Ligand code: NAL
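In structure tokens, the next block holds one chain alone, the form predicted alone.
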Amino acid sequence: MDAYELLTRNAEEVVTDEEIRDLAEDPAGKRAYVGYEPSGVLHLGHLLTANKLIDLQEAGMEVVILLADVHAYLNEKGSFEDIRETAEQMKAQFLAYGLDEELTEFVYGSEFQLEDDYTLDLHHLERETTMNRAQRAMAEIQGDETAKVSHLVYPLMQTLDIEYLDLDLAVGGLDQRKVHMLAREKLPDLDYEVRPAIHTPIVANLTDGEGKMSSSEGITISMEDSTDELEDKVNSAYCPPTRDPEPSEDGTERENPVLELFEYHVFPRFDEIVVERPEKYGGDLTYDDYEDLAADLESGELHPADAKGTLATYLDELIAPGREKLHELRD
């Protein structure tokens, strides 16, 4: 793949395509970032954006991971001491997952977000941004919680992080889109340049293909799961023999989460996928392209049970190093 293909692979959206193409012309040494609240064990939501970071590193870019301790404190995730301990565990898991340590910089938000210049810029944004605008930017991250003042400050800090980390590219899940649009709107007010953004998809709920996979409700897969637990979760996942399932009885749109996990997690990390089957059922199937696997599922050549068993095997291989690292840290 060329640099542009690596940057945009499995991206739900790029803002803007022209800016991403310019970046892909000379990506070496350019800096991209993702910010994560230190929240414990990495799950597939974290790892989807981590896959994109690995793509960027393969293209020659440097990666900055913001371990957002101040953001986590504002979001009531514990004391600074507890948050820092969790952040160190997350750092070890990211490296175990496959990020290149020489091309990855980990930064705590408190290293720069409490400095005078940052604070003054934050106050400037507070003056220039309406409450409604700030809350719209935070809405998808905030969820159903009652809005607090900290929820309004949170996206303004994310806007400034893009400048203060000296970045060329912002990366996040599609739920970060409104924050990145706020940054593109507000950074010029401070005479700072806007940066392009890449937004990764959000995988559907494993149970029924509706909504999004969440670590707080429904089934999710994390580095804490044993091989048996992971297999149980994948084998119980919703997987109709199609990439375009019918809506639920109440009209809610659905996706096939098993296919999504193949597309966004497995194929970007493995050159070849082998579905092992007895000869009496047709023998092994080998894929080097997601589209071929999805087409075989729809045609009936690939049974959903075989797809799920194969998915569990490859996901387990991906998270096993992080699982081992967690055991080391806890012993």
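When you see a residue number, it is the position in the sequence shown, counting from 1. Being a predicted model, the structure only gives us computed values, none of them experimental.
Same protein, other form: the form predicted in complex with the ligand, not shown, and the subject of what follows.
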**Message:** Open or blocked? Place the ligand on this chain by superposing the surrounding C-alphas onto its site in the predicted complex, and call it blocked when 3 or more ligand atoms come within 2.4 Å of backbone or C-beta atoms.
**Reply:** open
**Request:** Identify, from the list L66, L297, A50, A32, the residue with a heavy atom within 4.5 Å of the ligand in the predicted complex.
**Result:** L66
**Message:** Quick check on this chain: which one of T200, N256, Q176, Q93 has a heavy atom within 4.5 Å of the ligand in the predicted complex?
**Reply:** Q176
**Request:** Evaluate Y36 for contact with the ligand in the predicted complex, applying a 4.5 angstroms cut-off between non-hydrogen atoms, and reply yes or no.
**Result:** yes
**Complete:** With a 4.5 Å heavy atom cut-off to the ligand in the predicted complex, the contacting stretch among 181-189, 78-86, 120-128, 157-165 is 157-165
**in the predicted complex, residues of 266-295 near the ligand [heavy atom within 4.5 Å]** = none
